[in-house]
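As structure tokens, one chain now follows by itself in the form predicted alone.
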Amino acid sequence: MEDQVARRAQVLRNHLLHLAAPIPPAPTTLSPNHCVGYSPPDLNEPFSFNPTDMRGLLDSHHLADRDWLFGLMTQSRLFNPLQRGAKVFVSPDYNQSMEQQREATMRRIEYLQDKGVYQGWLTGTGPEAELRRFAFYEVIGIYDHSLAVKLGVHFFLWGGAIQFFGTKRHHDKWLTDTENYVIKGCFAMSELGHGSNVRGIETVTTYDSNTGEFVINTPCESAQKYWIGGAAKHATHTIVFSQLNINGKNQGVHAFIAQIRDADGSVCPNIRIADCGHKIGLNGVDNGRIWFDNVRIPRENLLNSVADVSPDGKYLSAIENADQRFAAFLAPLTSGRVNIALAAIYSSKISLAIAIRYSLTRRAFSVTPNGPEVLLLDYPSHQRRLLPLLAKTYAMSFAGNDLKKIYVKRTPEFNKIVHVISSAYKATFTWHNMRTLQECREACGGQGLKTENRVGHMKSEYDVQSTFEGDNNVLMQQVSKALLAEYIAAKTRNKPFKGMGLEHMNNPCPVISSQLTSSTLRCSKFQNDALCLRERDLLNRFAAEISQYQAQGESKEYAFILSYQLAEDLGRAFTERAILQTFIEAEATVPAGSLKDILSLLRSMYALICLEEDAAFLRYGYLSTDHAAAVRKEVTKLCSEVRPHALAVVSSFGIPGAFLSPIAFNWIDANAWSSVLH
């Protein structure tokens, strides 16, 4: 015991003596490291083509109007200008409370109203007016998704319902006041118990022939209207979707106009409204819940383009088939899906512009002793993470432009095509956007977590796109159902396929060469053939599987449910083939030169990444394992060829620097101590 005490005492004595010893001087051979500096990528990344020309292809229309609106927002303090280093950025303050964000959104809406931004959004007619509205709406979405959604509910859902479901009496009474924001509209379709299944909603409306009024009721808690944008705080009127019961017979879902607040903002009698509360994103939108307790509205408030009720209570409709009537009532959602698809493209553009610009100035690790650190985008792995997503975003931009052209020139005969394509693109573009946002967030490292750098926060802002105005999985099933109907119709009539882009089914089945060289893989004919081969085979397999289940005694509806995997594969195949065709068509409009060369690289990357990512190509034998290896190698090669043009490609998006983020520019200056003091 005494030996242990002595030994511990000696150890302690030696330790204290060591602390008291003088500290030796630092070795003179050490030299301080050089501080990391910022070098603008524009100085080191020459452009081989004119980004202005490329932007003309991507934005397609109303470029001057877009730039005017960008300028309008940067000039007002309502859009929260924030200086970081030498640059000023505009972005909502997401640190504000939910109530503050809602009020800020409403003030911005009023500012844009005063500046005439919404002129003609509902009262204008023709493709030109609609395309101008699309252009402005896309720019607004680049600034803030809440602002865009709040406007979308008012103009495209409430206003669109009046346009599409209403007749002249409704247009005359409501459209001008809606465009001028004299009234504030919302759209009460979704319920606590029913979202995608609109046909199953439980709100009930009856007709009182003694007074000439409809009576709207929420019969149970699951029938409360839920997630109604604008209802919690600002909306004065709503479109109510409800079952219409006439003389004891349910005539199905119909749409009515009901006032929910008076001019002073007080909730109207017999109406109860509650707040949906704080959300993971979109807190600038006041989502609410609505209950109707014997709410009486004039007979004229039935939107009657599809069906009407006479003063004495007779149900009148030129469309006798209930299914066809129901389909007609879903028309406004097409407009919403188009806007959501387009917004997803621009969100992807923002995140890629930020992440790629950052990767062109941020360095990490050296590959040689004492050598310079390497730019992130010079790592092949970083190129593989971002550049295929960039190619997909370009492809979807051209597809989005094509969708707009189809939409603004729509006729009743093309309603089905618009519905199918908008459903396919809405699902595909929003899924792509969420994947892109996540990859860009990770590619920005810790800086991607800062709200001011946009990318990380945009994930929560845009997550809702996957489920609102149609759950993506449900929409893609609708696409496959529509394709199956076309298939059955063509086979039954024994006539060629016509429409839905299925004309390629009339041609001989494409054959994939046993040897896939680099030039073959980059050939647009091979790429189109590969995607058409997949689509036609999956459509044949899908039809055969449905038929097999029916032969076993299953109903057509249940057979479709059982074939969900082929339905998902087919929906993807249809969409990716359609997107590629719009890319090929856009590329064909460009004369030979550097711009066309870059488009060719991006088109090839898009097509080959579709081949690489979908297991169906190997599962069903469209490609061999050797083919798949060749495709993978070619994508990597394409990444290295696109890399020198990366800055020019994202600069072509035409998004002003103020709408990006500090890490897209001089992130050292933006984080300097002087910025803290400022």
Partner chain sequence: MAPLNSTKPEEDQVLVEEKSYAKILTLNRPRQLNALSFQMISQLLELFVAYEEDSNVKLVIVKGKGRAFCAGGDVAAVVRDINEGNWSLGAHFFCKEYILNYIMATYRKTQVSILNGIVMGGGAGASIHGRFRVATENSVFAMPETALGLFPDVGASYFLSRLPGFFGEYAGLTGTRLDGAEMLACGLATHFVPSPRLSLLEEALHKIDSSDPAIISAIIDKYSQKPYLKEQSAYHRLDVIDRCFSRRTVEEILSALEREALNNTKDDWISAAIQSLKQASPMSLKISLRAIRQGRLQGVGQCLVSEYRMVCHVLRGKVSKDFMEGCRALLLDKDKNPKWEPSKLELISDDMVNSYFSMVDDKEWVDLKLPARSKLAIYAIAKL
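Computed from a prediction, not measured in an experiment: that's the story for all the values here. Positions refer to the first chain, counted from 1.
Separately, the form predicted in complex with the partner chain exists; it is not shown, and the next lines address it.
Of the candidate stretches 639 to 647, 48 to 56, 607 to 615, 625 to 633, only 48 to 56 has residues whose heavy atoms lie within 4.5 Å of the partner chain in the predicted bound form.
Although the partner is absent from the chain shown here, none of 435, 474 and 477 has a heavy atom within 4.5 Å of the partner chain in the predicted bound form. Proximity to the partner chain in the predicted bound form, taken as a non-hydrogen atom within 4.5 angstroms, holds for one residue of 557, 264, 323, 114, which is 114.
Screening 496, 212, 71, 445 for any heavy atom within 4.5 Å of the partner chain in the predicted bound form leaves a single hit, 71.
Using a 4.5 angstroms limit between non-hydrogen atoms, residue 43 touches the partner chain in the predicted bound form.
Although the partner is absent from this view, residue 181 stays clear of the partner chain in the predicted bound form, with no non-hydrogen atom inside 4.5 angstroms. By the criterion of a heavy atom within 4.5 Å, residue 134 is excluded from the residues contacting the partner chain in the predicted bound form. Heavy atoms of residue 540 never reach within 4.5 Å of the partner chain in the predicted bound form, leaving it off the interface. Residues of 60 to 99 lying near the partner chain in the predicted bound form, listed in sequence order, are 63, 64, 65, 67, 68, 70, 71, 72, 74, 75, 86, the criterion being any heavy atom within 4.5 Å.
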